[in-house]
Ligand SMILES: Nc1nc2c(ncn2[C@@H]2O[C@H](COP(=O)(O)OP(=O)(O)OP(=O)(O)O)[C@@H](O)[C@H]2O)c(=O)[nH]1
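The chain below stands alone and is given in structure tokens; this is the form predicted on its own.
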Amino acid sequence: MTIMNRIGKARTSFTGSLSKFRSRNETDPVIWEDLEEALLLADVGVATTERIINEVRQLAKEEKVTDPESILEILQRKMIESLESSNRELNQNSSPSIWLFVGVNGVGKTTTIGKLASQRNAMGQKIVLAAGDTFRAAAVEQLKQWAELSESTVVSGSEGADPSSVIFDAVEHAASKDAEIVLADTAGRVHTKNNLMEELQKIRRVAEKGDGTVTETLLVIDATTGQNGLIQARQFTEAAQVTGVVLTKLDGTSRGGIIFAIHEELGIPVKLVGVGEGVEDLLPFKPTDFVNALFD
């Protein structure tokens, strides 16, 4: 499975936006405005777009490039270089490693955990799922269904229980069973509610009081939310020490440029992308494949 044929909406939108740019005469002074418009329409963001355009203009000048197609080659190269600059590996340097999944309601945290559990099980790893979303019974049931598919164990508590204690118990269970990873679900929360964000800080503290270490805090963002995802990312990063982003529903949006905004403005790498409903549709994010798909 590759990302090339799964981001059709983003690719169609981006190439469509570039059509005006491609039709310009190389001496046309508004050529850069067209390129800026294309990046903004892709939801790359104002600050990131400005930086990319400035760098491409400088390189075009140095390389004495004036025709649109050559300029696009420079743009493609710079976009790949930008995303390649950070580590996108999922960190598993302790046993058990704890991977916390955070985000607002409805972005696909529980489904992402289930898919990842199935993939890791297929790799021969022993996984424990922590049902830290204690406010939504459906989330616990959903996690149990995924556990059956992935041959994993679920640790849950009573409805309304302290999520920190549930995740702590899951870590202790994982340690006793020599499980490598605890995938910890958390309740969806509005990033503007201070008390909920403080609870995330508590969850992280308590999770590390036992035998495990939090090696990843993965913020799950719905790609269709566009720039609002950047606002979420900023707030969650401050509260939960986010180490990476999982961008879901990338197959259903024309605004994949949010990947660049998250990376550039917050310094957080996108580590996984969701491009469909199947287990195999959760993919490691590969910048070269993604950018090439946009320009294909």
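A residue's number is simply how far along the shown sequence it sits, counting from 1. Just so it is clear, the model here is predicted, and its values are computed rather than measured.
The form predicted in complex with this ligand exists for this protein as well; it is not shown, and the discussion that follows is about that form.
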Choose one stretch from 121-129, 77-85, 207-215, 135-143: the one whose residues place a heavy atom within 4.5 angstroms of this ligand in the model of the complex.
135-143
Given that this ligand is not shown alongside this chain, does Ile71 nevertheless sit within 4.5 Å of it in the model of the complex, heavy atom to heavy atom?
no
Please determine whether Asn91 contacts this ligand in the model of the complex, using a 4.5 Å cut-off between heavy atoms.
no
Wondering, does Val107 line up within 4.5 Å of this ligand in the model of the complex on heavy atoms?
yes
Touches this ligand in the model of the complex: Glu264 (any heavy atom, 4.5 Å)
no
Using heavy atoms only and a 4.5 Å cut-off, decide whether all three of Gly188, Lys249 and Glu277 touch this ligand in the model of the complex.
yes
Of Ser95, Thr111, Thr153, Ser165, which one comes within 4.5 Å of this ligand in the model of the complex, counting heavy atoms only?
Thr111
